[in-house]
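Encoded as structure tokens, the following chain is the form predicted alone, with no partner shown.
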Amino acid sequence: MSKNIFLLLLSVVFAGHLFAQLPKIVNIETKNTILLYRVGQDQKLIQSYLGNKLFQPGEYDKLKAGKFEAYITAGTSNLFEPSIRVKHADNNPSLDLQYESHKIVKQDDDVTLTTIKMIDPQYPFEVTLFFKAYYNEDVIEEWTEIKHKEKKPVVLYNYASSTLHFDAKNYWLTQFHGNWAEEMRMQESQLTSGIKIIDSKLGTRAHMYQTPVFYLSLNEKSNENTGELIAGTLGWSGNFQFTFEIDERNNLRVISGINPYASEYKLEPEKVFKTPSFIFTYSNSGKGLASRNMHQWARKYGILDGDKPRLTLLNNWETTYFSFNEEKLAGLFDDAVKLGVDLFLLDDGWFANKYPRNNDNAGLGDWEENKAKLPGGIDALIKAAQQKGSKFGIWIEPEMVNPKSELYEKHPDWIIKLPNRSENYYRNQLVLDLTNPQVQDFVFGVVDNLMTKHPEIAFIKWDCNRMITNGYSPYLKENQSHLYIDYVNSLYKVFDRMRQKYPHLPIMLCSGGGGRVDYGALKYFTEFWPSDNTDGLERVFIQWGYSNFYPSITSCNHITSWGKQSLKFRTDVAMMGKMGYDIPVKHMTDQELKFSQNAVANYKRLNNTIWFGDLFRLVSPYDESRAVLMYVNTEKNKAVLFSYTLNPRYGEFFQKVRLQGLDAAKMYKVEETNINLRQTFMESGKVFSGDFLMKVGLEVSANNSLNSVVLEITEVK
């Protein structure tokens, strides 16, 4: 062998050795954010970086390898909360995960899917991490799939969707909590050493006491326009858990996923356990940017038909409650047409005969028209509504049953309840056992039978008014710890079937019992019901809270008789989302009716900007006794500003508000709209540059209590 050939072979071997020593790097990238993983020499997958992208990509190589395992196992050397904990078929309680491979697939111009497979070197057990990066929206969706080939089932005790690591001086957590009629109250606190847990054990409904969303600010508190943070949420309609743990070096790990409470899961060989998605966005420009990222993602990917218009409606609930008949409803059809809304929605009380649904004690589960109230049936109502120029919608609560019902009598084995214990009622009802395929067929059939018999139904309100208590499934038998997980997955199976057959039917995701809002369910629904509390003052706070993670097009805001505010104030508050009515129109004065008719017309003129525009929260009701926010459309030629004065103290005055999101070079005409008796905004009709509006601002808030202003801002050429 010649000297040159020998040197060439030596260089190839040496280069190959160097290449083998270079760490593998996996990048999950959006337009402005990168999540970077590195494979260490021990084949451990390590999170190296999460934040803004660097200008020089080569400098990612300079990042230290770190010790932040991407998915932390239990049973070996880890001393902190694990991402996953298992017991193998041979009862070994440990797991060791090493990187095996990864794959990056660009699904389209916006979406890239990255999968990272890890295996245990001693057991035929694998965990695959999935990352779906939405480039233009700066959002990352993360979930996990767990699988094994052991001879017998493996028990899963913990099974996180995501584990993220942070290294900062301080950490500030913004969480949202509440109860019935007080949903989405915002609370911020500094994390300290140890563990902070936000979770739910409701079984069904993502939130009532705690909401599956959070902001995590790094180093300093964030506000709307400044600060480094992530905004995160879990797409799961049942028990969830967020764990925030600060270790002895002040490093923080955030573990997100299904709550493992009472949910040990026996995973059969070759079966896949898929966790729900953790959805998050990173911002170094405050909470406002994070919200806009989430809203853009949600309208495109997170909700059904997020780019389509919505229907305005009149609901009968607060006018009639359970007491109505065909004649009374016919008069309400007239009211819907008189107001100018698109749809009449018939609420609870239209069904059941043996045990008539005349109150909430009976009939739930017996989904046939009540012949005493509706002798002509739903068909007669639809025809009457159409003849008067209105579409028709209807309320259902198919997951639930009253003990006083034919369904309960025929199928006691279809109900979640403990053997040898008294039944536990909430709102006089029980939960059907959706883990049972027969129950899934029944629940799907509630929608399918309605739509097959009455295809002209234009809208459905799907309610869910209780949580799971006394949890026991007659169907699951020995696998009772699967209930909380299998129930939700079974619910999604029903939703899947429903959407395969009725892909674009508008359906509201409702829960009068304290909120049911999450991106696991919302992809099947066009909108949600934020709260039974429709008091205008309370709704400012409730809707403000939801606006942090959910776009305005999803939030059903109804004008009702709740609260002591003026009709104008309640209307202006409702207009900041998907406006509707649930009010006795016949009790309105002529002046109130005329105002409402004008408000509906104004809303229909402005709703595209409200639904699809970028949201800028300008003044928080948590900071001052007022709330100011605005929506700006993509072209920046139209904006709508809402200002709500709450209850200022005597002598309290408000400063000018600087607008945001406009084009500094454009000229804008600012006009007050939704006027009742007189204008409040004294500069209505004037023209300002975008530069002036954003640097100097306007006096948009009156000082008297419970006053509101809606400004229409239009480019002038």
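What you see is a predicted model, and the numbers here were worked out from it, not measured in a lab. For every residue, the number given is its place in the sequence shown, counted from 1.
The same protein has a further form, the form predicted in complex with a small molecule, not shown here; the description that follows concerns it.
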Requested in this report: Check whether Asn465 has any heavy atom within 4.5 Å of a heavy atom of the small molecule in the model of the complex, and answer yes or no.
Outcome: yes
Query raised in the report: With the cut-off set at 4.5 Å between non-hydrogen atoms, does Asp347 touch the small molecule in the model of the complex?
Result: yes
Report task. Report whether the minimum heavy atom distance between Tyr209 and the small molecule in the model of the complex is within 4.5 Å. Result -> no
Query raised in the report: Would Gly286 count as touching the small molecule in the model of the complex under a 4.5 Å heavy atom rule?
Result: no
**Report entry** Residues Arg427, Lys461 and Asp532 all lining the small molecule in the model of the complex, heavy atom within 4.5 Å
**Finding:** yes
Query raised in the report: Given that the small molecule is left out here, which of Gly235, Gly563, Gly512, Gly340 has a heavy atom within 4.5 Å of it in the model of the complex?
Result: Gly512
Report task. Heavy atom within 4.5 Å of the small molecule in the model of the complex: which of Trp143, Trp414, Trp317, Phe176 fits that? Just give me the one. Result -> Trp317
Query - One stretch from 70-78, 436-444, 512-520, 292-300 that, in the model of the complex, holds residues within 4.5 Å of the small molecule by heavy atom - result: 512-520
